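Below sits a lone chain in structure tokens, taken as the form predicted on its own.
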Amino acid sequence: MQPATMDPAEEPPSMLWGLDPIFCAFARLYVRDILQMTESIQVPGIYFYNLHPIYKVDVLGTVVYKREREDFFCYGVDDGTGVINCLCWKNDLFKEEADPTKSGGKHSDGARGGFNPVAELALLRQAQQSRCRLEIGELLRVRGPVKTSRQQREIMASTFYKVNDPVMAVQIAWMMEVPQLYRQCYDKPLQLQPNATGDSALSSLSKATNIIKEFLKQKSVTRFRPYDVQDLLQPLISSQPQTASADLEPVAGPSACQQLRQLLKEALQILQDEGIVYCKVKSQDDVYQVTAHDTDLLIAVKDVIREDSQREKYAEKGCHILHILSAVRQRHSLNVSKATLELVLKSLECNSDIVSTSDDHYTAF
């Protein structure tokens, strides 16, 4: 199934993609994220992860299926988060068949110094074949651009080889490095320097969102009302330049107080869309719950998974995320969003309270 394409309103202009260093690198993404990346509207074949433009990736995983044709290998690679199809083309050296007439006596006699180029070429071909022809269960590293063919996401390998890893040193190093890349690069949204004419409002909104996030993290806030964080955004309104017309007369517009309330409203909406906060009960005086510190929500989710995963219907595969969401809404709050639930599930899994049996199914230990 091909994921949805990027919303044109959200997609960064293609002329700015080169400002993102990830665009020119082989991104070491999890297979799950490669399969779920959204495709560009402007340039097909370019994909976005957290607004980072990506077209080539670097994957390490176990071969779980294989298919060989005259010109290529087709490997299914599983890195623990998903399986992706990798199309690995054979080069000319690999496809050449050893010619017995070329390893005859006169060639052997001609290499009296001990170096036989024909024999060395044959050894090189054998070594290459052993590194490129893999069996199920062996470890493969593959690099190349991402393509979508017949509604299936796959990697067109530019480089691929078998990894000999008897003590799992390569896999352990990979599992330690990739999460750091996510924290330091991939999970940080692309932020381009706003120009003087257009993106100041977007920049202020991004700053406002980050200010509230940092406040909630530092103070370990469990719940708050909008006016509790409103004053934190006051410097952003005070620092905005005043708009004037061509004859230098002030232009009528919203007051500073109105701008502050609007900025706060938009920032809180972003936090709700990301699942970081939610309103347990909708009212005129909204109280926002901080997902990471809401122990009642965490207990409710854990109880739903523990109780329902014991039922025969969910015993084998676990509870689907939409079933969990429906049950939590009935038990805890109708305003819990899927994004909020995903953050709670991630926290529970990190604490080993639950385990994911697939991308969307969870069961209790």
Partner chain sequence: MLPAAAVFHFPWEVNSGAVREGESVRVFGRLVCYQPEESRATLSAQHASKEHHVAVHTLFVEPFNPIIGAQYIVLGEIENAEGVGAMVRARVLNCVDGVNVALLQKAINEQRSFFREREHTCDDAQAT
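Residue numbers count along the first chain shown, from 1. Values in this document were obtained by computation on a predicted structure and should not be read as measured data.
What comes next is about the form predicted together with its partner chain, which does not appear here.
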item	value
Triplet Tyr30, Asn85 and Tyr182 all within 4.5 Å of its partner chain in the predicted bound form via a heavy atom	yes
Residue (of Val287, Ala119, Ile136, Ala256) lying close to its partner chain in the predicted bound form, criterion heavy atoms within 4.5 Å	Ile136
Contact assignment for its partner chain in the predicted bound form, among Glu214, Glu266, Asp231, Asp187, heavy atom within 4.5 Å	Asp187
Listed range touching its partner chain, judged in the predicted bound form by heavy atoms within 4.5 Å, from 51 to 59, 335 to 343, 32 to 40, 309 to 317	32 to 40
is_contact(Arg331, its partner chain) in the predicted bound form, heavy atom dist at most 4.5 Å	no
Residue contact check: Pro145 to its partner chain in the predicted bound form, 4.5 Å heavy atom	no
Gly76, heavy atom within 4.5 angstroms of its partner chain in the predicted bound form	yes
Contact label in the predicted bound form: Ile172 to its partner chain, heavy atom within 4.5 Å	yes
Contacts with its partner chain in the predicted bound form - residues in 141 to 168 whose heavy atoms fall within 4.5 Å	Pro166, Val167, Met168
